[in-house]
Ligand code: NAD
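A single chain comes next, written as C-alpha cells; it is the form predicted alone.
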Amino acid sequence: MTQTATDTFTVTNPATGESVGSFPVHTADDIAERLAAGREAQVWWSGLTFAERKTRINRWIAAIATRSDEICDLGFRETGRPRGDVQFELIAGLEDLRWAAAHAKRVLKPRKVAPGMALFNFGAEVSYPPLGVAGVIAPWNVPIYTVLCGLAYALAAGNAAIVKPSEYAPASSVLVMDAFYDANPDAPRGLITWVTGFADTGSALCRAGLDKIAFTGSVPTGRKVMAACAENLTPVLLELGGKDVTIVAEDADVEKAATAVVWGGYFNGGQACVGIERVYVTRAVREPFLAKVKELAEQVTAGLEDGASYGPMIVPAQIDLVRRHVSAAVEAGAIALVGGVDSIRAPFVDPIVLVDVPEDNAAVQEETFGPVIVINTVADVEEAIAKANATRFGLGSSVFSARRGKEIAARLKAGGTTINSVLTFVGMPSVPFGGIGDSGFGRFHGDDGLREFAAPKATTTKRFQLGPDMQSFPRREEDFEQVRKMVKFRYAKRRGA
C-alpha cells in the first residue's frame, strides 16, 4: 500500500550514527485505511484452504531465504548486532512460518466432540474460525524474529495483519514483510501491511478496533497497550519482560552450566527478554562454577568488528538502566567478578558478572536487559527454587542437574524451562512460548499459538428427540419425574467411583 504519512523519521546505526533509511510516521487515519484493506483481504485469505495458505507461506519463506544476505546486512546496519545474531533470529522466524503453515490444519480444522450423556441426542462440533485482522507490535531487540513469529500464527490461522515494528529497527522487518508480495503477487495488498512511528502510532493501532493485538515488549508499555485495547475490548497477547533464572544444582556439570550461562547472559548483548540475568548456584559447586564463568566471560567482547560477541546497546536509555543496576549492586556490597561500572562505555557495555547481590537489590528484582549476570550462592536446591520464584516475572528458566532436572523444573514458576541447556524453548515452534505474572499472558508457538489467533466456536445439532422435551412449555410434572430418575441413575450410584 502507499505510505500516506507526511512526517518521517530517520533510522540510524546505534554505534556509528550511519543513516539506514527514513520511514513514515503513520497516523490513526493511515491505520484506518489499512484496517479497511485488511478486512477485505482477509475475506480472500480465509476463503483459501489450509493447503493453499501453506503454499503461499512457503513461497514467502523461499523468497526471504533468497534475500537472506541482504536482510542480515540490513539488520546489522540498523542495530549494530553481529550478522550471525541477525541470521540466528531470521532462521528462528522462518521456522515459525514453516511450522505454523504445516500444522494449522491439524490444530484448527473442525472436529467432532462428545455431547455428554444428558444431550447425547445432539451432535457437537468445535471449529476455529479466524479472528479477522490482528495487530502485531514488535520490539527492537530481535525485530525480524518477533515480526515473523506474530505473522506466522496470525496468517496460518486465516487472519490478515497490521504490523508496527519498533522505530529503532524497522528496516529489516519491513523488507521481510514486503517479500511476501514478491512471492505472492496474487495476494491483495491489504493482507500484510505495516505502519511505522512512535508511541502515538502504537496507541492508535491499539484503539483502531482490530480483532487482537499481539505485543512483545516491556512491562510498562504492555500495561499501556492493555489499557488502550480495553477501550474496545480488543483481546491482547502480551509477551513482556523477564528476569530469567538458572539453577545450578550440586550434581550439575559445572563446565557445561558455565558455558550455557555465559552464552545465555551475553547473547545479543543481554538484550533479550529470555536472557539469563539471575543464577543460583549451590554452595557445593560454587567455586569451580565461578571460576569457569569468569574464565569464559572474560573472553566475550563487545564491538562492531568481525568476531565481536555482541554489538552496542540499541536504545540509549538501557545504558543508564545498566549503570543504575550495577552501581546499586556494588554499593550494596556485591562483588564484581568480571567488569563493573567501568565496563559501561556507551554505546557498548562489556560483560559484567556480579556475585553475592542482596535479593532485594534492583539488580536482582528488576529486568536489566543488558550484559549483566547476577550469581548468588544458595545452600541447596530448595533455597534456589524459593529464591528463583520470589519475583514478579515468570518468563523463562533453566536448570542444570544430572538427576533432578525434571523435578526442579516442575516447581519453577515460568512459562518455559530448559534442562541442562538454556533458551531452547524459544527456538522450538512446537512448544508454547510466553510468560506468567509480569511476563505477560497468552502464547506464541505451538498449538496454543495458533489458537491465540482463532475464535473457538461451538456448533450443536439436534439429531432426534429423546424423552421429555425440557426446552418447551408447558412442562409436565411427569417430565420432571423422568429427569429426577435419570439424575439418580446417572450420578448418585457412581459416588466414589
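Being a predicted model, the structure only gives us computed values, none of them experimental. For every residue, the number given is its place in the sequence shown, counted from 1.
FYI, the form predicted together with nicotinamide-adenine-dinucleotide isn't displayed, but the following is about it.
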| query | Out of the stretches listed (186-194, 139-147, 341-349, 378-386), which one is close to nicotinamide-adenine-dinucleotide in the predicted bound form, meaning heavy atoms within 4.5 Å? | reply | 139-147
| remark: From 261, 162, 225, 157: within 4.5 Å of nicotinamide-adenine-dinucleotide in the predicted bound form by heavy atoms is 225
| remark: Of 210, 252, 373, 273, the only residue with a heavy atom within 4.5 Å of nicotinamide-adenine-dinucleotide in the predicted bound form is 273
| task | Report yes if any heavy atom of residue 198 sits within 4.5 Å of a heavy atom of nicotinamide-adenine-dinucleotide in the predicted bound form; otherwise report no. | result | yes
| said: Please tell me whether any heavy atom belonging to residue 221 falls inside 4.5 Å of a heavy atom of nicotinamide-adenine-dinucleotide, as the geometry stands in the predicted bound form. | reply: yes
| With a 4.5 Å heavy atom cut-off, would you call residue 96 a contact of nicotinamide-adenine-dinucleotide in the predicted bound form? | no
| field | Exercise: residue 202 in contact with nicotinamide-adenine-dinucleotide in the predicted bound form, heavy atom 4.5 Å | value | yes
| task | Sequence order please: the residues of 225-242 with a heavy atom within 4.5 Å of nicotinamide-adenine-dinucleotide in the predicted bound form. | result | 225, 239, 240, 241, 242
